[in-house]
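Structure 1 and structure 2 below are the same protein chain in two forms, each given by itself as structure tokens.
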Structure 1
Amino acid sequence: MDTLALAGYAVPIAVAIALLFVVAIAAGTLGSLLGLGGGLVLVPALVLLFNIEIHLAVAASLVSVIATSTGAASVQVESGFTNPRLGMFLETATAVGGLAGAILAVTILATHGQIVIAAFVPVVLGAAFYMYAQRGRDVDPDPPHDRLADRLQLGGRYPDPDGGGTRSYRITGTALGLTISGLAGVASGLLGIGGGLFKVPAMNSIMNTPMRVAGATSTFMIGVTAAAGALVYLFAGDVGLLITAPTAVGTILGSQIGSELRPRATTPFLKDVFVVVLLVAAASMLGEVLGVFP
């Protein structure tokens, strides 16, 4: 049987694929619950397990991000946690950001990659501190009126897991929300990191979206952000089928688990986990800048 070198040991390919499948389930669960793609977990796992080049890992991860998004959204749109109007409104900014990121990736990333990544570190840390400072708070029952949000009817209602019935919320801060979503698109087009890291804090803290809705809506959007990039990789032949197939199926399973957990996850719990993920992301970006990772 074929073997792979895994952390210095020869491991049968079947075992490595089984391990990858388990990691993918975890990534899909975490990603769909928090509104992230899961690339943060998958890319290092793929590189370590299969010793493949980073761009092949990113390609497999992009396909799996779409799997997570589609898997979770197929459940959460109907369960009422996703706000499709808000999601599609913000998709305009993430799509433009993604296009800008794709252009920048060809131009500056090749020469100034370290600086670009370093520039995002304070943003990620800022989001972590901001979210931690507001961990006890979810939404303002009567936020300032935002003309665009009111006109486009971006607010919504979602099932109340505690009391039964539904709770409604009003959206505000569309200008800043669009700007940050655009930046999130740039980050994902440029670095391949999920824009959810920026979108979820912005939707919750700035746009007054309940944390559970922000996570579900971000998951809904992420598939669209990743689609163009994934298609490019797929046709360029950079999507390794043997690693991507189990990763995609695993993340789909995980996304179903995450969707099941959503009504039960409290806002402070979601925020705590999100803060940890943001800190891990900042650390891994710093590590990349400082050249700790190969």
Structure 2
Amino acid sequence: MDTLALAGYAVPIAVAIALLFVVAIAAGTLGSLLGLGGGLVLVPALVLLFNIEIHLAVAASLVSVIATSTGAASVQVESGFTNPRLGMFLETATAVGGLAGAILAVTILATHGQIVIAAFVPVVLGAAFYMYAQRGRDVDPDPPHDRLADRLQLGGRYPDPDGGGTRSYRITGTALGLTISGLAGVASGLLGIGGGLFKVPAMNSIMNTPMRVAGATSTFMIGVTAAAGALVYLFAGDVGLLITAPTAVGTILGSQIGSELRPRATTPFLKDVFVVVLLVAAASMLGEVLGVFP
């Protein structure tokens, strides 16, 4: 086969791969910048533009999320924005959820792709609404004490973007944050979105984590979450080299770009971009479910 269908048109495979690479760079940049992993952009693009089956798109997205985390996490850890202790605490629930979501997708929902696509819409819209409602705040300087957070020393410090020195923050709401992280894992395995759209709002608005730290910590976490789900898709035969290779390489490059941009972005800007990306992704997938796209 020398051509692939792209938005209803037959294009040479080389052109399609190049376009996949470009889309993946954009997805990786946004994913690293916002802590989403890029799957939120990549999955709708693969389904709507490249007419790729949802399960294959999710599998490729999970591999790309691993690439995003690998490419960006080291940079962001060195920058001082990542909270590894908090990330590993939440990952205990997220990894289990990611495995459960992937198993559900390749078994019960394996022949019901439209259900998976439909599930994408309310999940993304809910996250967009929550982030928009919380866009005016970052952290509470004196949040309620959380015994578990205090015992595990989950709080931390991060570089002050407005000047020299550092700022400190205290973590709270560990029980709810851990629960949402588990649900984020299920969404990651089921939808290929890395779970960042849940974890970033949860860490920022519920656990009192600064937006920059939440995004960087989410990027640090999503690789493990995606790996749990990607293994299931690999054994199910849904990981295609032709799709996965260019998207993985592109997201690695994009993740480096996003990591460089993150320290320069303000918190309101990050939240506004977060909401816009979520709304566009939800609208595009809703159009697919309703048959708007050919």
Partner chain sequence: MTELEPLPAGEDPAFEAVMAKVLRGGLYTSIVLIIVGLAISAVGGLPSIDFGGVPSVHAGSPLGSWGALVVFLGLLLLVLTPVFRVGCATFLFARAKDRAFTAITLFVLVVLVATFVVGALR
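Here the structure is a predicted model, which is why all the values come from computation and not from measurement. Please note that residue numbering is based on structure 1, beginning with 1 at the start of its sequence. C-alpha atoms forming the largest set that superposes within 1.5 Å between two forms make up the rigid core.
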Which structure would you label as the form predicted on its own, 1 or 2? 2
Core-aligned C-alpha movement of residue 261 between structures 1 and 2, 2 Å or more: no
With both forms fitted on the core, give yes or no for whether the Cα of residue 123 moves by 2 angstroms or more between structures 1 and 2. yes
Rigid-core frame, C-alpha of residue 22, shift of 2 angstroms or more between structures 1 and 2: no
Core-aligned CA shift between structures 1 and 2 for residue 48 (Å): 4.2
Residue 236: how big is its Cα shift between structures 1 and 2, in Å, with the core superposed? 3.9
